[in-house]
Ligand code: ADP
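In the block that follows, a single chain appears as structure tokens, in the form predicted alone.
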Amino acid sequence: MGRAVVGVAVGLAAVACTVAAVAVGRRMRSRGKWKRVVRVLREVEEGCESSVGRLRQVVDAMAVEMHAGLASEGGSKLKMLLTYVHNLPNGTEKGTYYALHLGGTNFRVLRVHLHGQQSSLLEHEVERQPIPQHLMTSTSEDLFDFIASSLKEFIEKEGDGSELSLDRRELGFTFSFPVKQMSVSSGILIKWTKGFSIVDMEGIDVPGCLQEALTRKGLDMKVAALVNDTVGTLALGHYHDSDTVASVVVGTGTNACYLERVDAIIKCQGLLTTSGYMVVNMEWGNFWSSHLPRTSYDIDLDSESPNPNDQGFEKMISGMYLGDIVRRVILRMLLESDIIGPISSKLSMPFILRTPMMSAMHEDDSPDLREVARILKDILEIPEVPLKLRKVVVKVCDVVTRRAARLAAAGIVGILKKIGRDGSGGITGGRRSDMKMKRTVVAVEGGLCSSYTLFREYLHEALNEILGEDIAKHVILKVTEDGSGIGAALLAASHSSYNLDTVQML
């Protein structure tokens, strides 16, 4: 009997030891998996590091590229395109003006009423309409006849129009496709994007096609300005605040423009405007510098994109790409650690994690990060993610977003440096104590600036760090809305046929 008891005890002890060994083994394996997750996170943090010193190098590189792009065509990654916009709205404009925004599969028409004095709330009406699929590959006449007909219907809703019919209507046209601008109201289509393929329009004056359609529909309306959406943002910002000297759009894509001295545009010598200035469209999405903190995820994203080695800056800071960078990091973490077992194929699908979803995870302030869990489960099909791993996902979102915002801030300071508004007096990496800083406003637009609170906070934080508090207090970032619509109508007003054309070539 005693021997049997001893035997059972020994057996139980052996089982207990086995169970303990298994448990220890599991803990050891779990720790090993977790270490691999942490290692990937640390690598991402190091790769995205954007110290003030590094950002100032980006500032200098941006200013140098701007100079090169103004000196000669093709002299820089920055195109530095002339817009021929020289007369920004200032609040004295009067009358009713229109805007048409063709930006993709939809277009908008707007009517803005101006009363000769600045107003924080501009009186306007807007209608949106889809472009029928067949017109995206039809002829230029079919497309613009459809748009002109829709515009005519919109105008006819004014009422009897007895007073308005006495004057010719003026239109600002925002055309969000690559164009070589020839004047403030003309430009040649370089190529179609976004699913459009109307062969008979490439190399043709776009506003001319619209003007002909307006005439065919019996509309007495003149295209007064062909507008890039970033230029529209600058116009809207300047209307509200005359100290606005630049604008930046950071949404799905990104771009910037600013007010430049005409005598600094060396590649177009002999250009004269009565103001002595002209708005330059930088096309800064294509900016590149070896000082940009690029990771293996950026390299892979670029090589797998439809436009490799193109739009490098945009791929690091714009909403089109941030969510996908985060997806790539999460995928590598899970593949290398095997921390949750088999992975859904959804995680390998490019752009399945859109930036609005990423920002929702980043800004989830619930104790258990339930929004993070929901998005990982619903979008990426990763169920039952432990809280510790959810926290890591939030950290990845933070690292990627912080880098994007800080690089955008460096780009803005690069513009300010070029025009002498950064307090350096043009001295590379230096500061002048005897400089009297002017109040400087930069209009910013796009979903990342308007809807993503943490992005906006990181943007301001970096601006203060790069410039220093004494200089930064003179620089104001103002969020605007609908530069591509209202801004275009304002440019139609400031460049209307009732004003003299003051752009000349010597």
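The structure displayed is predicted, hence computed values, not measured ones. Just so we're on the same page, rigid core means the largest C-alpha set that superposes within 1.5 Å between forms. Counting begins at 1, following the sequence as shown.
Separately, the form predicted together with the ligand exists; it is not shown, and the next lines address it.
Ligand-free form, site status open: the ligand, modelled in by superimposing site C-alphas onto its pose in the model of the complex, keeps every atom beyond 2.4 Å of backbone and C-beta atoms. This chain lacks the partner; the member of Gly312, Pro293, Gly104, Gly208 within 4.5 angstroms of the ligand in the model of the complex by a non-hydrogen atom is Gly104. Exactly one listed residue, out of Pro178, Gly95, Gly75, Gly251, brings a non-hydrogen atom to within 4.5 Å of the ligand in the model of the complex: Gly251. The stretch from 295-303, 270-278, 336-344, 318-326 that comes within 4.5 Å of the ligand in the model of the complex, counting heavy atoms only, is 318-326.
Within this chain, Tyr458 is remote from the site of the ligand in the model of the complex, having no heavy atom within 4.5 Å.
In the model of the complex, the ligand sits within 4.5 Å of a heavy atom belonging to Ser451. The ligand in the model of the complex comes within 4.5 Å of a heavy atom belonging to Pro356. In the model of the complex, the ligand lies farther than 4.5 Å from every heavy atom of Gly47. Once the rigid core is overlaid between this form and the one not shown, Phe196 counts among the residues whose Cα shifts by 2 Å or more.
With the core held fixed between this form and the one not shown, Arg128 has its Cα displaced by at least 2 Å.
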